[in-house]
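So this first bit is one chain, no partners, the form predicted alone, shown in C-alpha coordinates.
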Amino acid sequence: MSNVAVIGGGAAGLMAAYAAAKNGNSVVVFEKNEKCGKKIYITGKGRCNVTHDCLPGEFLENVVRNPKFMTGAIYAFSPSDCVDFFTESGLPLKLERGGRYFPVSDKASDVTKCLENKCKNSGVTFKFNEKVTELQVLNSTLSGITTEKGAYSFDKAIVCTGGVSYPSTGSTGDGYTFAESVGHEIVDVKPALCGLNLAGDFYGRLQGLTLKNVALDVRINDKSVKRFFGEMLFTHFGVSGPIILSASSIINRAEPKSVKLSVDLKPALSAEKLDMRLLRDFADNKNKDLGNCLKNLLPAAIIPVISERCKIPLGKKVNAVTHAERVKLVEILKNFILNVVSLRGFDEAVVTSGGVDIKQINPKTMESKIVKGLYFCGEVLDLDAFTGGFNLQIAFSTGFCAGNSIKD
(Lines give C-alpha, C1' and ligand atoms only; values in the text may rest on other atoms or scores of the structure.)
Protein backbone atom coordinates (compact mmCIF):
# COMPACT_ATOMS: atom_id res chain seq x y z
CA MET A 1 0.00 0.00 0.00
CA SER A 2 1.20 3.51 -0.86
CA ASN A 3 0.53 6.78 0.89
CA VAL A 4 -0.78 9.06 -1.85
CA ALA A 5 -1.19 12.84 -1.84
CA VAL A 6 -3.55 14.25 -4.46
CA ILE A 7 -2.97 17.96 -4.95
CA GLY A 8 -6.16 19.58 -6.18
CA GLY A 9 -9.75 18.48 -5.73
CA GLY A 10 -11.12 19.13 -9.20
CA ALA A 11 -12.33 16.66 -11.83
CA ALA A 12 -8.92 15.05 -12.40
CA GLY A 13 -8.00 15.06 -8.71
CA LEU A 14 -11.20 13.46 -7.49
CA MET A 15 -11.05 10.75 -10.13
CA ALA A 16 -7.37 10.12 -9.37
CA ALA A 17 -8.08 9.94 -5.63
CA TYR A 18 -10.90 7.45 -6.11
CA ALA A 19 -8.90 5.29 -8.53
CA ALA A 20 -5.91 5.20 -6.15
CA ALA A 21 -8.06 4.49 -3.08
CA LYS A 22 -9.99 1.62 -4.68
CA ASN A 23 -6.63 -0.14 -5.08
CA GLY A 24 -6.18 -0.12 -1.32
CA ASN A 25 -3.90 2.90 -1.04
CA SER A 26 -4.11 5.53 1.69
CA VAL A 27 -5.14 8.73 -0.10
CA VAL A 28 -5.31 12.35 1.06
CA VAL A 29 -6.67 15.15 -1.15
CA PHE A 30 -5.22 18.61 -0.49
CA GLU A 31 -7.51 21.37 -1.74
CA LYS A 32 -6.59 25.02 -1.18
CA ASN A 33 -10.24 26.11 -1.53
CA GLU A 34 -12.92 25.51 1.07
CA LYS A 35 -14.52 22.82 -1.10
CA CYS A 36 -13.84 20.58 -4.09
CA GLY A 37 -14.78 21.10 -7.71
CA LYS A 38 -15.05 24.88 -7.92
CA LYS A 39 -14.42 24.80 -11.65
CA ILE A 40 -16.82 21.88 -12.12
CA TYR A 41 -19.57 24.09 -10.68
CA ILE A 42 -19.29 26.58 -13.54
CA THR A 43 -18.84 24.17 -16.45
CA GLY A 44 -21.60 23.82 -18.98
CA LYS A 45 -23.24 26.99 -17.62
CA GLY A 46 -23.66 25.28 -14.28
CA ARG A 47 -24.98 22.05 -15.77
CA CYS A 48 -21.64 20.28 -16.38
CA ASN A 49 -21.17 18.58 -19.75
CA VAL A 50 -19.37 15.54 -18.29
CA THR A 51 -18.40 13.80 -21.52
CA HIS A 52 -19.21 13.25 -25.20
CA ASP A 53 -21.04 10.41 -26.90
CA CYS A 54 -18.29 9.00 -29.10
CA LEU A 55 -15.82 6.18 -29.55
CA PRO A 56 -12.19 6.69 -28.48
CA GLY A 57 -11.05 7.25 -32.07
CA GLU A 58 -13.54 10.06 -32.62
CA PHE A 59 -12.63 11.50 -29.23
CA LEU A 60 -8.97 11.76 -30.25
CA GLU A 61 -9.99 13.70 -33.37
CA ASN A 62 -11.34 16.38 -31.04
CA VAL A 63 -8.17 16.72 -28.99
CA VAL A 64 -6.31 19.82 -30.20
CA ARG A 65 -2.95 19.38 -28.51
CA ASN A 66 -1.16 16.03 -28.26
CA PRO A 67 -3.95 13.61 -29.17
CA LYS A 68 -1.43 10.77 -29.59
CA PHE A 69 -0.44 11.10 -25.94
CA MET A 70 -4.11 10.63 -24.96
CA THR A 71 -4.53 7.35 -26.85
CA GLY A 72 -3.75 4.99 -23.97
CA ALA A 73 -5.72 6.99 -21.42
CA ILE A 74 -8.87 7.32 -23.50
CA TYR A 75 -8.96 3.59 -24.19
CA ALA A 76 -8.30 2.86 -20.51
CA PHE A 77 -11.20 5.08 -19.41
CA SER A 78 -13.37 5.89 -22.42
CA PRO A 79 -16.40 8.16 -22.73
CA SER A 80 -18.66 5.09 -22.38
CA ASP A 81 -16.72 4.08 -19.25
CA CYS A 82 -17.33 7.59 -17.93
CA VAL A 83 -21.09 7.32 -18.55
CA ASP A 84 -21.16 3.91 -16.83
CA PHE A 85 -19.12 5.24 -13.91
CA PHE A 86 -21.54 8.05 -13.11
CA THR A 87 -24.67 6.04 -13.84
CA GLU A 88 -23.56 3.14 -11.63
CA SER A 89 -22.56 5.64 -8.94
CA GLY A 90 -26.11 6.96 -8.69
CA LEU A 91 -25.84 9.96 -11.01
CA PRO A 92 -28.04 9.36 -14.09
CA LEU A 93 -26.97 11.19 -17.23
CA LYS A 94 -28.91 12.37 -20.28
CA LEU A 95 -27.73 12.69 -23.86
CA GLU A 96 -28.47 16.02 -25.53
CA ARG A 97 -27.94 17.40 -29.03
CA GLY A 98 -24.41 17.39 -30.32
CA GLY A 99 -23.53 14.25 -28.37
CA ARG A 100 -23.22 16.03 -25.01
CA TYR A 101 -23.90 14.23 -21.73
CA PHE A 102 -25.29 16.15 -18.76
CA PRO A 103 -26.63 15.07 -15.35
CA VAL A 104 -30.38 14.48 -15.49
CA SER A 105 -30.63 16.93 -12.60
CA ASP A 106 -28.92 19.68 -14.67
CA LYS A 107 -26.78 20.42 -11.60
CA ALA A 108 -23.01 20.53 -11.91
CA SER A 109 -22.84 20.29 -8.12
CA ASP A 110 -24.22 16.75 -8.36
CA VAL A 111 -21.17 15.71 -10.38
CA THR A 112 -18.85 16.95 -7.65
CA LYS A 113 -20.98 15.32 -4.93
CA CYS A 114 -20.92 12.02 -6.81
CA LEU A 115 -17.13 12.06 -7.14
CA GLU A 116 -16.66 13.11 -3.50
CA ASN A 117 -18.95 10.33 -2.31
CA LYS A 118 -17.04 7.76 -4.35
CA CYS A 119 -13.83 9.01 -2.76
CA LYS A 120 -15.16 9.06 0.80
CA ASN A 121 -16.69 5.60 0.46
CA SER A 122 -13.25 4.38 -0.64
CA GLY A 123 -11.55 5.89 2.39
CA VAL A 124 -10.13 9.10 0.91
CA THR A 125 -9.34 11.87 3.43
CA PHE A 126 -9.81 15.55 2.51
CA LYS A 127 -7.84 18.53 3.76
CA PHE A 128 -9.50 21.80 2.74
CA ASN A 129 -8.09 25.33 2.94
CA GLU A 130 -4.61 23.84 2.86
CA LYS A 131 -2.37 25.02 0.04
CA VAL A 132 0.54 22.85 -1.05
CA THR A 133 3.68 24.96 -1.46
CA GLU A 134 6.40 22.46 -2.35
CA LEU A 135 7.18 18.94 -3.48
CA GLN A 136 9.77 17.02 -1.47
CA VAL A 137 12.11 14.96 -3.67
CA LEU A 138 15.00 12.76 -2.55
CA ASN A 139 17.25 10.96 -5.05
CA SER A 140 14.82 11.67 -7.90
CA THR A 141 12.01 10.06 -5.91
CA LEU A 142 8.96 11.76 -4.38
CA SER A 143 9.25 11.71 -0.58
CA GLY A 144 6.55 14.10 0.53
CA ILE A 145 4.94 17.50 0.24
CA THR A 146 4.99 20.77 2.15
CA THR A 147 1.89 22.86 2.74
CA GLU A 148 1.30 26.19 4.44
CA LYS A 149 0.52 24.18 7.57
CA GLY A 150 3.47 21.82 7.62
CA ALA A 151 5.35 18.93 5.97
CA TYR A 152 4.00 15.47 5.20
CA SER A 153 5.65 12.22 4.11
CA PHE A 154 4.12 10.51 1.06
CA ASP A 155 5.23 7.77 -1.32
CA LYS A 156 3.30 9.25 -4.25
CA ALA A 157 1.90 12.61 -5.23
CA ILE A 158 -0.57 13.33 -8.02
CA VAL A 159 -0.62 16.96 -9.18
CA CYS A 160 -4.10 17.94 -10.43
CA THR A 161 -4.00 21.70 -9.97
CA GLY A 162 -5.51 22.71 -13.31
CA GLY A 163 -4.21 25.49 -15.55
CA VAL A 164 -4.62 29.25 -15.24
CA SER A 165 -8.08 29.72 -16.77
CA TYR A 166 -10.80 31.02 -14.44
CA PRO A 167 -8.25 31.86 -11.71
CA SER A 168 -11.13 32.76 -9.38
CA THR A 169 -11.72 29.00 -9.01
CA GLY A 170 -8.20 28.49 -7.69
CA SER A 171 -6.49 27.65 -10.98
CA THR A 172 -3.47 29.89 -10.61
CA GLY A 173 -0.68 27.83 -12.14
CA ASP A 174 0.59 26.17 -8.94
CA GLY A 175 1.20 22.92 -10.79
CA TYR A 176 3.56 24.58 -13.25
CA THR A 177 5.66 25.86 -10.34
CA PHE A 178 5.79 22.37 -8.81
CA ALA A 179 6.74 20.82 -12.13
CA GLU A 180 9.49 23.33 -12.91
CA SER A 181 10.93 23.00 -9.41
CA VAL A 182 11.76 19.34 -10.05
CA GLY A 183 13.04 19.76 -13.62
CA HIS A 184 9.96 19.57 -15.85
CA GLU A 185 9.56 21.78 -18.91
CA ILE A 186 6.45 23.93 -19.28
CA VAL A 187 4.98 24.62 -22.72
CA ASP A 188 3.88 28.27 -22.95
CA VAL A 189 0.29 28.61 -21.83
CA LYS A 190 -2.39 30.28 -23.94
CA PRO A 191 -6.14 30.86 -23.47
CA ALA A 192 -8.29 28.20 -25.16
CA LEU A 193 -12.03 27.91 -25.72
CA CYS A 194 -12.52 31.66 -25.41
CA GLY A 195 -14.14 34.52 -27.26
CA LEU A 196 -12.33 36.57 -29.91
CA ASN A 197 -11.77 40.31 -30.14
CA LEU A 198 -12.45 41.52 -33.69
CA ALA A 199 -11.16 44.39 -35.79
CA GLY A 200 -13.58 47.17 -36.70
CA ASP A 201 -16.74 48.15 -34.84
CA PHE A 202 -19.53 46.47 -36.81
CA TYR A 203 -19.96 43.76 -34.16
CA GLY A 204 -21.21 46.37 -31.69
CA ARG A 205 -24.33 46.80 -33.78
CA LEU A 206 -24.81 43.03 -33.80
CA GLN A 207 -24.33 42.51 -30.07
CA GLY A 208 -26.63 39.77 -28.81
CA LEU A 209 -27.28 38.32 -32.27
CA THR A 210 -26.94 34.53 -32.42
CA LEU A 211 -26.33 32.88 -35.77
CA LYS A 212 -27.37 29.23 -35.88
CA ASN A 213 -26.41 26.55 -38.39
CA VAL A 214 -23.57 28.53 -39.92
CA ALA A 215 -20.21 27.22 -41.12
CA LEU A 216 -16.94 28.71 -39.92
CA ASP A 217 -13.76 28.29 -41.94
CA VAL A 218 -10.59 28.98 -39.95
CA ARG A 219 -7.78 30.32 -42.12
CA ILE A 220 -4.17 30.92 -41.10
CA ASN A 221 -1.94 32.61 -43.68
CA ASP A 222 -4.76 32.18 -46.20
CA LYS A 223 -4.78 28.42 -45.71
CA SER A 224 -7.92 26.71 -44.45
CA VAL A 225 -6.96 24.69 -41.35
CA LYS A 226 -10.31 23.70 -39.82
CA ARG A 227 -14.03 24.03 -40.50
CA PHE A 228 -16.77 24.09 -37.88
CA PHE A 229 -20.56 24.01 -38.13
CA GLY A 230 -22.96 25.29 -35.52
CA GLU A 231 -23.73 28.39 -33.51
CA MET A 232 -21.95 31.69 -32.85
CA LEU A 233 -22.77 34.88 -31.00
CA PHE A 234 -21.86 38.54 -31.55
CA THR A 235 -20.77 40.35 -28.39
CA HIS A 236 -19.57 43.78 -27.26
CA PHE A 237 -15.98 42.72 -28.00
CA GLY A 238 -16.41 40.58 -31.11
CA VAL A 239 -17.66 37.00 -31.25
CA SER A 240 -18.21 34.01 -28.99
CA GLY A 241 -20.38 30.87 -29.00
CA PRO A 242 -19.54 27.18 -29.50
CA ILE A 243 -17.85 27.27 -32.92
CA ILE A 244 -15.89 30.40 -32.03
CA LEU A 245 -14.65 28.83 -28.79
CA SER A 246 -13.42 25.80 -30.71
CA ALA A 247 -11.79 28.05 -33.32
CA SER A 248 -9.89 29.88 -30.57
CA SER A 249 -8.12 26.64 -29.65
CA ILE A 250 -6.88 26.34 -33.23
CA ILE A 251 -5.59 29.90 -33.60
CA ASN A 252 -4.23 30.67 -30.12
CA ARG A 253 -0.62 30.11 -31.19
CA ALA A 254 -0.88 31.99 -34.48
CA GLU A 255 -0.18 35.67 -35.09
CA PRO A 256 -3.57 37.43 -35.05
CA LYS A 257 -2.74 39.22 -38.32
CA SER A 258 -2.38 35.84 -40.02
CA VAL A 259 -5.86 34.72 -38.97
CA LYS A 260 -9.09 35.17 -40.89
CA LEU A 261 -12.42 33.60 -40.06
CA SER A 262 -14.86 33.10 -42.90
CA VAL A 263 -18.50 32.61 -41.98
CA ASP A 264 -20.80 30.92 -44.48
CA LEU A 265 -24.20 32.30 -43.50
CA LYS A 266 -26.00 29.85 -45.78
CA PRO A 267 -23.96 26.61 -45.78
CA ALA A 268 -26.90 24.49 -46.92
CA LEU A 269 -26.94 26.33 -50.25
CA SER A 270 -24.18 26.35 -52.84
CA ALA A 271 -23.32 29.72 -54.36
CA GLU A 272 -25.35 28.79 -57.44
CA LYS A 273 -28.42 27.75 -55.44
CA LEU A 274 -28.15 30.83 -53.24
CA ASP A 275 -28.09 33.01 -56.36
CA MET A 276 -31.20 31.25 -57.66
CA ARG A 277 -32.87 31.82 -54.27
CA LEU A 278 -32.07 35.53 -54.50
CA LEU A 279 -33.44 35.68 -58.05
CA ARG A 280 -36.72 34.12 -56.89
CA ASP A 281 -36.98 36.47 -53.91
CA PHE A 282 -36.22 39.47 -56.09
CA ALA A 283 -38.82 38.39 -58.65
CA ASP A 284 -41.46 37.93 -55.94
CA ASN A 285 -40.62 41.29 -54.35
CA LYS A 286 -39.49 43.34 -57.32
CA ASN A 287 -40.92 46.60 -56.01
CA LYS A 288 -39.45 46.23 -52.52
CA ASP A 289 -36.26 47.69 -51.13
CA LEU A 290 -33.28 45.36 -50.76
CA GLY A 291 -33.37 45.73 -46.97
CA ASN A 292 -36.94 44.48 -46.76
CA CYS A 293 -36.44 41.68 -49.25
CA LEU A 294 -33.43 40.24 -47.40
CA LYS A 295 -35.51 39.77 -44.24
CA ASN A 296 -36.76 36.53 -45.78
CA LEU A 297 -33.18 35.26 -45.83
CA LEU A 298 -31.29 36.84 -42.94
CA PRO A 299 -31.75 38.12 -39.37
CA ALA A 300 -32.77 41.78 -39.58
CA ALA A 301 -29.83 42.99 -37.46
CA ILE A 302 -27.13 41.78 -39.85
CA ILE A 303 -28.73 43.13 -43.05
CA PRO A 304 -27.27 46.68 -42.76
CA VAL A 305 -23.78 45.20 -42.28
CA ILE A 306 -24.23 42.96 -45.32
CA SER A 307 -25.43 45.97 -47.31
CA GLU A 308 -22.33 47.95 -46.37
CA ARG A 309 -19.97 45.13 -47.29
CA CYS A 310 -21.70 44.66 -50.64
CA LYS A 311 -21.89 48.42 -51.18
CA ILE A 312 -25.53 48.09 -52.20
CA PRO A 313 -27.84 50.69 -50.56
CA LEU A 314 -30.56 49.17 -48.38
CA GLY A 315 -33.12 51.38 -50.06
CA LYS A 316 -32.31 50.20 -53.57
CA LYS A 317 -35.22 48.44 -55.29
CA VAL A 318 -34.41 44.79 -55.91
CA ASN A 319 -35.48 45.09 -59.56
CA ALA A 320 -32.61 47.56 -59.95
CA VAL A 321 -29.94 45.34 -58.40
CA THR A 322 -27.41 44.48 -61.09
CA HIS A 323 -25.96 41.06 -61.84
CA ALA A 324 -22.57 42.21 -60.54
CA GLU A 325 -24.16 43.41 -57.30
CA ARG A 326 -25.99 40.13 -56.86
CA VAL A 327 -22.74 38.20 -57.40
CA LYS A 328 -21.11 40.35 -54.70
CA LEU A 329 -24.04 39.73 -52.35
CA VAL A 330 -23.72 35.96 -52.78
CA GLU A 331 -19.98 36.22 -52.18
CA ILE A 332 -20.46 38.09 -48.91
CA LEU A 333 -23.15 35.73 -47.67
CA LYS A 334 -20.90 32.74 -48.35
CA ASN A 335 -17.72 34.43 -47.15
CA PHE A 336 -18.46 36.88 -44.32
CA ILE A 337 -14.97 37.73 -43.07
CA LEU A 338 -14.06 38.29 -39.41
CA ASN A 339 -10.61 39.74 -38.73
CA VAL A 340 -9.24 38.65 -35.35
CA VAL A 341 -7.32 41.15 -33.21
CA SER A 342 -6.72 38.95 -30.17
CA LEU A 343 -8.12 36.27 -27.91
CA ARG A 344 -10.00 37.04 -24.72
CA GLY A 345 -7.95 36.45 -21.57
CA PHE A 346 -7.58 33.62 -19.08
CA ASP A 347 -10.36 35.11 -16.95
CA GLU A 348 -12.80 34.02 -19.66
CA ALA A 349 -11.03 31.03 -21.21
CA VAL A 350 -12.72 27.72 -20.48
CA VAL A 351 -9.40 25.85 -20.49
CA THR A 352 -5.67 26.45 -20.68
CA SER A 353 -3.62 25.41 -23.70
CA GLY A 354 -0.04 24.43 -22.85
CA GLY A 355 1.35 23.22 -19.55
CA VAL A 356 3.58 20.40 -18.35
CA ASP A 357 5.41 18.97 -21.37
CA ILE A 358 3.95 15.53 -22.10
CA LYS A 359 7.31 14.30 -23.46
CA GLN A 360 8.39 13.97 -19.83
CA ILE A 361 5.26 12.06 -18.76
CA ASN A 362 4.45 8.34 -19.11
CA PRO A 363 1.24 8.30 -21.23
CA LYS A 364 -0.04 5.08 -19.65
CA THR A 365 0.40 6.03 -16.00
CA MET A 366 0.83 9.83 -16.03
CA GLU A 367 3.96 9.34 -13.94
CA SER A 368 6.86 11.74 -14.31
CA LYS A 369 9.86 10.41 -16.20
CA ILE A 370 12.04 12.66 -14.03
CA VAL A 371 10.76 11.99 -10.49
CA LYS A 372 9.60 8.53 -9.46
CA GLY A 373 6.28 8.57 -7.63
CA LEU A 374 5.21 11.94 -9.04
CA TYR A 375 2.20 12.13 -11.37
CA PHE A 376 0.48 14.88 -13.35
CA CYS A 377 -3.03 14.76 -14.78
CA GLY A 378 -5.80 16.97 -16.08
CA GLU A 379 -5.47 20.52 -17.30
CA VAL A 380 -2.00 21.01 -15.80
CA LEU A 381 -0.70 18.91 -18.72
CA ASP A 382 -0.19 20.21 -22.25
CA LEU A 383 -3.53 18.77 -23.37
CA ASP A 384 -6.72 20.50 -24.50
CA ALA A 385 -9.67 19.78 -26.74
CA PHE A 386 -12.69 21.34 -28.38
CA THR A 387 -15.86 22.19 -26.49
CA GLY A 388 -18.41 19.43 -25.93
CA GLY A 389 -17.28 17.50 -22.84
CA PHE A 390 -13.90 16.51 -24.26
CA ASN A 391 -11.82 18.46 -21.74
CA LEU A 392 -13.57 17.00 -18.72
CA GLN A 393 -13.11 13.56 -20.25
CA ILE A 394 -9.37 14.29 -20.51
CA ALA A 395 -9.41 15.11 -16.80
CA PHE A 396 -11.30 11.94 -15.91
CA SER A 397 -9.21 9.66 -18.14
CA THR A 398 -5.81 11.00 -17.08
CA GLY A 399 -6.90 11.06 -13.43
CA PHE A 400 -8.11 7.47 -13.63
CA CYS A 401 -4.86 6.31 -15.26
CA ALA A 402 -2.73 8.04 -12.63
CA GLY A 403 -4.64 6.70 -9.63
CA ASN A 404 -5.26 3.25 -11.05
CA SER A 405 -1.56 2.74 -11.83
CA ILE A 406 -0.67 2.94 -8.12
CA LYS A 407 -1.12 -0.68 -7.06
CA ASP A 408 1.89 -1.59 -4.95
Ligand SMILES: Cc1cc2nc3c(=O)[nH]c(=O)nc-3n(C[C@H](O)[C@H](O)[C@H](O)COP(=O)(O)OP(=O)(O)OC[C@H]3O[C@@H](n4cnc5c(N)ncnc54)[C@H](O)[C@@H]3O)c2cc1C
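So that there is no doubt, residue numbering starts at 1 and follows the sequence shown. The shown structure was predicted, so the numbers you read here are calculated from the model rather than taken from an experiment.
The same protein has a further form, the form predicted together with the ligand, not shown here; the description that follows concerns it.
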| task | Determine which one of 115-123, 169-177, 263-271, 287-295 lies within 4.5 Å of the ligand in the model of the complex, judging by heavy atom distances; exactly one does. | result | 169-177
| in the model of the complex, the residue from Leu245, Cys310, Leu278, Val132 that sits within 4.5 Å of the ligand by heavy atoms | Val132
| Which one of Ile42, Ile370, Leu60, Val341 is close to the ligand in the model of the complex, taking close to mean a heavy atom within 4.5 Å? | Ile42
| query | Even though the ligand is not shown here, does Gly162 get within 4.5 Å of it in the model of the complex, heavy atoms only? | reply | yes
| said: When the contact criterion is heavy atoms within 4.5 Å, does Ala11 count as touching the ligand in the model of the complex? | reply: yes
| query | Are any of the heavy atoms in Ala5 no more than 4.5 Å from a heavy atom of the ligand in the model of the complex? | reply | no
| said: Is it the case that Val356, even though its partner is missing from this view, gets within 4.5 Å of the ligand in the model of the complex, heavy atoms only? | reply: no
| Taking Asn33, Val351 and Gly389 as the candidate spot, are all three within 4.5 angstroms of the ligand in the model of the complex by heavy atoms? | yes
